[in-house]
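The chain below stands alone and is given in structure tokens; this is the form predicted on its own.
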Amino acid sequence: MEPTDTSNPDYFHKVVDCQWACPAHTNVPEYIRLIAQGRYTESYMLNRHSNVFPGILGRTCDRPCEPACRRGRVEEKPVAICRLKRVASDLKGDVTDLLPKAPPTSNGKKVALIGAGPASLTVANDLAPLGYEVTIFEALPKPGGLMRTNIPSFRLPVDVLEFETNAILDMGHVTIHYNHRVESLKALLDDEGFDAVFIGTGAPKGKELNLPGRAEADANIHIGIEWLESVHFEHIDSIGKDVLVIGVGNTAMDCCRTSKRLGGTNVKVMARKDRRYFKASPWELEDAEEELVDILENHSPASFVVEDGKLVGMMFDIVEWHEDPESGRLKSTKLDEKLIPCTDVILAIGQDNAFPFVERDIGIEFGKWDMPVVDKTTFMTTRDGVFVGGDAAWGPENIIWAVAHGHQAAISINNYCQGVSLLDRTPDTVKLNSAKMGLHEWAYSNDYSSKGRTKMNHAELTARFKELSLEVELGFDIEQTAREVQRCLNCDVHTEFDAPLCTECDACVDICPVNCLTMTGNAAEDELRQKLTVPALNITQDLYVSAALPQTGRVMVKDEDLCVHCGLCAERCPTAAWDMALMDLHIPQAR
């Protein structure tokens, strides 16, 4: 094998898995170390640079970083990355003077943003400090988009939402028009004199369930995202006692838990398939069941039952699922049918995009599912100067994906307005800086903690249903925080090897607690993986291979899959051939 090129960021993307799994590529290990040092403000600002909404995402993120966490290779549960993000937000100091600000004068370019959700707000966050005049058109009376209307206040307090949205709206050169629904993109492009337009309208249309009895029972059948919006703006403050929520995504969990707080005493979530196929995050399911919501599996909706013009129940087919041997697709077989009484039904079976304001004759092509054709690199449509991001681009995702889209769209909009190719994008860069502070001292804690994942504190169950806005998750206290940060393996502090300094004394191999190091003759990858002290069977994880060692021509090989970044090899090495180096990964934004 050729020597590993550690100047290539792609190599470390498979080592610092949490950072690369995050769509916005937040520097997870570094912000956890800052929390460990009690530097909460610095941790918050580091978070904010990439994910923009640390307080919001510390409560609501779908946590793609956690399944990727390398702690999961050591034990069952990953580091509580998302909840540590919240710690930084809750304990930060006054960050007013640290937040980005727009310059005193404009650069003369005007950009329109349609919708005030996370994607549009991220674009504003990146462009206003460059001098752009940003105008946001929002259909609702307040900003935040689905962060505000779809996420109940018992999960996301309004003050947290408004602090982080206002930080963007107040930076200067940002104007927002509330209660202003854009009815014609053509008119906006023709009349307003904007240099570019970004569409960040989300996926605002809840899916229907057109079954027998739907029209007759309309008064007591609610579309999930519309119902949650009505609850947020206090247009709805009650619901019947027997509630059926159709669907098992995160929106369904928000609907069932909100129902419990508005008077629903018997709330059931109805799932067509079994738990293996549920779309809701595991912790959302756990929280709902902790609040005594019943989740019924393999119940396929058949009809709404109406008596004397009033909804009284729903009929369900009881089904089992099997894989079709020819197509590989799941198919159901009906076993029985069942009537379940109810007073209300909430439909949370998915969301669709809606572009009624985009005329079909203005140069924007539409493709599958009546979605605009959007370039996945530049986020521009087939009409120059019109960009799309967030859920509006390729369908419902989560907040952190909308933020990632916003950063990339802002780069493109800046390039477009400055007459630069949209494909002229600064590549990622990586630097390795020694973490050595003394002979046996490192700029990070290299002790391995065997502690299990810290359990979140929750408000008392009986108290939750007395006040809709009572936050259920209370956050980690200082003791819990101190315990959880030590579980991070500091995956961005890498072993760096200088082959010419190695005397092949085997000290590093002897002291390695996980047997991840081997000195052996070079070979093709398949053969080399088998020759290691512990065969490297995870082929998705690259091996580290050194240059030829000076005495024997062998190579030093490290299995990154096993390494716990303890630094013992560097402490033991008598010639300093090994060092621990902190990775500085730079992910470009609009500049």
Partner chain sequence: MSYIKKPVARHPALPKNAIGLTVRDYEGSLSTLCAGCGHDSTTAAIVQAFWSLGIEPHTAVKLSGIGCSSKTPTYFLGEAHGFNSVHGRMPSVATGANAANQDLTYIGISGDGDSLSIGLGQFCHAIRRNVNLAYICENNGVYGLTKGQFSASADVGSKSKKGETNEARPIDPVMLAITLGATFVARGFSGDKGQLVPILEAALRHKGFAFVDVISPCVAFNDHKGSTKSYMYTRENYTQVTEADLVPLRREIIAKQVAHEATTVKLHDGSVVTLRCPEGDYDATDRGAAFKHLSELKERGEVATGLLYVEESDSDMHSMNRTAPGDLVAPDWDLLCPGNDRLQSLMAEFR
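Between two forms, the rigid core is defined as the largest C-alpha subset superposing within 1.5 Å. Remember, it's a predicted structure, so these values are computed and weren't measured experimentally. Residue numbers count along the first chain shown, from 1.
Below, we refer to the form predicted in complex with the partner chain, which is not included among the displayed structures.
At a distance threshold of 4.5 angstroms between non-hydrogen atoms, residue 529 is out of contact with the partner chain in the model of the complex. Contact between residue 327 and the partner chain in the model of the complex is not found at the 4.5 Å heavy atom cutoff.
Of the heavy atoms in residue 579, none are within 4.5 Å of the partner chain in the model of the complex. In the model of the complex, at least one heavy atom of residue 512 sits within 4.5 Å of a heavy atom of the partner chain.
The stretch in contact with the partner chain in the model of the complex, judged by heavy atoms within 4.5 Å, is 556-564, chosen from 556-564, 26-34, 539-547, 43-51. The listed set 507, 262, 312, 160 contains one residue whose heavy atoms approach the partner chain in the model of the complex to within 4.5 Å, identified as 507.
Though the partner chain is absent from this view, in the model of the complex it lies within 4.5 Å of a heavy atom of just one residue from 220, 446, 298, 135, which is 446. Contacts with the partner chain in the model of the complex, taken as any heavy atom within 4.5 Å, map within 556-574 to 562, 564, 566, 568, 571, 572, 573, 574. Residue 61 is not among the residues whose C-alpha shifts by 2 Å or more between this form and the one not shown once the rigid core is aligned; its shift stays under 2 Å. With the core superposed, residue 50 shows a C-alpha displacement below 2 Å between this form and the one not shown. Comparing the forms between this form and the one not shown, the C-alpha position of residue 516 differs by 2 angstroms or more, with the core used for superposition.
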